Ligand SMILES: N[C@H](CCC[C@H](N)C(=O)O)C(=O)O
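In structure tokens, one chain follows: the form predicted alone.
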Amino acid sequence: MATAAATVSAQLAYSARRNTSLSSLSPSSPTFAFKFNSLRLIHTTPTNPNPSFRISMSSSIQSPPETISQLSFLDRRESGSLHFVKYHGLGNDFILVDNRDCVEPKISPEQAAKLCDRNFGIGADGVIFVLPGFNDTDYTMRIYNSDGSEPEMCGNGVRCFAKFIADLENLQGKQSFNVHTGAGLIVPEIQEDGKVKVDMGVPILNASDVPTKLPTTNNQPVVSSQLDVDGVSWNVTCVSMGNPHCVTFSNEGSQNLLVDELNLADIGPKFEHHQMFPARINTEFVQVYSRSHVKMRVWERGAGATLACGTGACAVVVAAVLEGRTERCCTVDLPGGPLEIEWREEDNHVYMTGPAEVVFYGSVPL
């Protein structure tokens, strides 16, 4: 796949929709042009045509195009090219692909891994596909991680998914969708302020369904269980939000973790591939500030350390409530920013609210 020949024309603000030209943007709206085969990057605005910064391995830099076709970028269907929009949710970034015309992803897991490579591809934590609905749902969401593996779903990704749908369909205002995922039905709702609130469903606590081999009594959840990782005993609670999570607030050396001091690259893979987790595991390391405020760092299964994890934030609040550390409504600080999480007692569902923002449009030859 010739990812090195990709040319991307982009706008960070993403105010342009169908039948909108670049010239209609406000003077302060930045535009970008990327050319991957020579690692060129320029930043200009309509009122300041001179590059404000550049990263170049060649002697010349291409200027960005003056206009975008009257047809939406996503309406282009050149054969042999994959069109996409890159989004991020609190820095957890994804390549979004309009896949509504077929029921299988347009690219393979191996191709997705190449696209996600931050040195030789576009760079992302995963590739998300918008497929036709299934079993009376509006859409189906599938995702490949940056290593090519396929998780059940992704919390930050589903917020980006919802924003992408609204942009594809040119929808305005408050909108909600029923989305089929590998974790079951997920219902994201775009709010009036642009944030996305997602009904993440009921947390799964049964050990064999998480899954984990950590011992339990009488099918009770794995709460405050001891897990030996490389000779250190960690206090862990296991939760599935459709994908498996191991949440820890302490170990034998610290009753309240200082998460910024952890060497995540060292300890994260040891949790992910621990024999107690037959499907591997996402791991959240949590520092409690108050009954309504926590901070977490995450090592994601198949993606490594990321700036945010929506399902992980949900699992953290469920685990914190089960351990008696917080209330059911909580702000969860992630490296990329905060998420608002609520585990409602009335329906047992977990609700996540946070942003999803466009980064750029792109196309890549396959």
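Bear in mind that the values here come from a model prediction, so they are computed numbers and not experimental data. Throughout, we count residues from 1 along the sequence that is shown.
Not on display, but discussed next: the form predicted in complex with this ligand.
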Open item on the list: Just to confirm, with a 4.5 Å cut-off on non-hydrogen atoms, which of Phe249, Phe164, Phe94, Phe271 contacts this ligand in the predicted complex?
Closed with: Phe94
- [ ] Find the only residue in Thr237, Ser240, Asn282, Thr212 having a heavy atom within 4.5 Å of this ligand in the predicted complex.
- [x] Asn282
Open item on the list: Quick check for you: of 115 to 123, 86 to 94, 289 to 297, 171 to 179, which stretch puts a non-hydrogen atom within 4.5 Å of this ligand in the predicted complex?
Closed with: 86 to 94
Open item on the list: Whether Asn145 contacts this ligand in the predicted complex should be assessed with a 4.5 Å heavy atom distance threshold; does it?
Closed with: yes
Open item on the list: Taking any heavy atom pair closer than or equal to 4.5 Å as contact, tell me whether Met153 reaches this ligand in the predicted complex.
Closed with: yes
